[in-house]
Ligand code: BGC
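In the block that follows, a single chain appears as structure tokens, in the form predicted alone.
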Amino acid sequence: MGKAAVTITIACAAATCAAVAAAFFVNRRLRQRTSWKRAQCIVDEFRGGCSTPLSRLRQIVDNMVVEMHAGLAIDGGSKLKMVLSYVDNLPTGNEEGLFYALDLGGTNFRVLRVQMGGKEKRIMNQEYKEVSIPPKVMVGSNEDLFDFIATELASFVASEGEGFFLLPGQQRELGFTFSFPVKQTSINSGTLMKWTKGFAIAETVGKDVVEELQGAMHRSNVDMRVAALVNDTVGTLAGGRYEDDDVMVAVILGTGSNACYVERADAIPKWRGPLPASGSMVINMEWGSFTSAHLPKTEVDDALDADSVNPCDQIFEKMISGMYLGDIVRRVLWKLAAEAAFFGGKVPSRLEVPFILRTPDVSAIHADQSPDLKEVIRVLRVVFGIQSSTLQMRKVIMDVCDIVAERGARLAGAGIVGILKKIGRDGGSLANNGGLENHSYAATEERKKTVVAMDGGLYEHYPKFREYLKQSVVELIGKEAAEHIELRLSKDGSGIGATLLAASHSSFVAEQE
């Protein structure tokens, strides 16, 4: 073959390679454009499914009120359990003496003591101790668990020092915050319905948890009476009421979510027996189980629910609480990776891991104001092992976080307005108060200031979530009425609240009266 032929061959080969390379880059660019369009479609579709226009929120408010009425009428009448707390005396500020609390709600428990000095001196002194429960105790015997708790309580009582004293004739009394499903039968009795949060002691189910604790305290020579059995939400309400008589509602937005409020006793049809002297009772709504055809659910929510340990249950909680927001975002990112090659041709393995993305990570992404979104880069690397991303990709991820947080916050806001509407504190007309029995109440109460005590890490530590929630409340009730509503952070109110409820339901106070 001559030199000319070789040259032509080489040129042809080079041209062919160039054409192949050009075709490759053109195809890759087309694939990238196609993938990006698909990613945009996925996000837009998710945004549409999560939308919470004012009209939808109003429907959810009305549904909440209807379900509240149904739950108050009869047990099992609604997805909302509307549990009677038997708390009919909330703290007034007059409480005096030394009171204890035991706060059991997970793998740790706290014991507290508080010295109260009445209206003038208020809370004079307080101390607490936190104790980790050994894993073997959480799955051991009933006696093992309560004896362990009582032993730690005995040690704490023994350390009682200066600044703590019983009034003459007073016995030590305790408020027991027990954050597990309980069928309460009085202010200081209730049977365990089931364990959650890693506890698995079958013999405790169906037993009165107050009796079990009293028995263990007796075995440990602790002379103390359980004066009140409460859950953490009711404790938060009590703690808030101690500081301000205008507190009527308490909401916890943390890992889980719940709400309680002060209801007129004569508006509780399922209440049997004489009405309490106070004329009111705190209702533990267990609002995480609320559901409505108007909730803006998507296929992502349906998949999360189906994969959960309690499918078709706690639907509201799965859309608004800290435990789930991060995983909703993760599932959307997985969909982007699987259907739009968002992170390249392969789905990053860690995107497959449920709950690997926590809500604090979502909050950190949401708060990122750096030009290149450095916090998003950090979360992608640390949580998912994704080393490279474009600014455009990071903006999409932040957008997904915004969609999830805004929806959750606005739904929580609608829930709060539902409660305010039920008790006639939403500033609306008489026709908007959810039932005839509320009309006279609304006429006198609609312009009173109402404080909602808010607790939980989601509300406290996620500023954008908090902002969206407050905005939704103002949208729903109007600026003028919103001036009479305050959402107030009540940090760790449940522990102090339990001591206050022990004081307000104290046998010593009853004897004095």
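One rule holds for the numbers: they count along the sequence shown, beginning at 1. From a predicted model like this one, the values you see are computed outputs, not experimental measurements.
This protein has a second form, the form predicted in complex with the named molecule, left out of what is shown; the following refers to that one.
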item	value
Contact test in the model of the complex: Q314 vs the named molecule, heavy atoms, 4.5 Å	yes
Contact label in the model of the complex: D232 to the named molecule, heavy atom within 4.5 Å	yes
Non-hydrogen atom contact K197 with the named molecule in the model of the complex at 4.5 angstroms	yes
Contact of G215 with the named molecule in the model of the complex (heavy atom, 4.5 Å)	no
The named molecule in the model of the complex: contacted by all of F180, I252 and N258, heavy atom 4.5 Å	yes
Listed residue that, although the named molecule is not shown, lies within 4.5 Å of it in the model of the complex (heavy atoms), from D327, E95, E286, E406	E286
Segment that reaches the named molecule in the model of the complex - one of 418-426, 351-359, 132-140, 232-240, heavy atoms within 4.5 Å	232-240
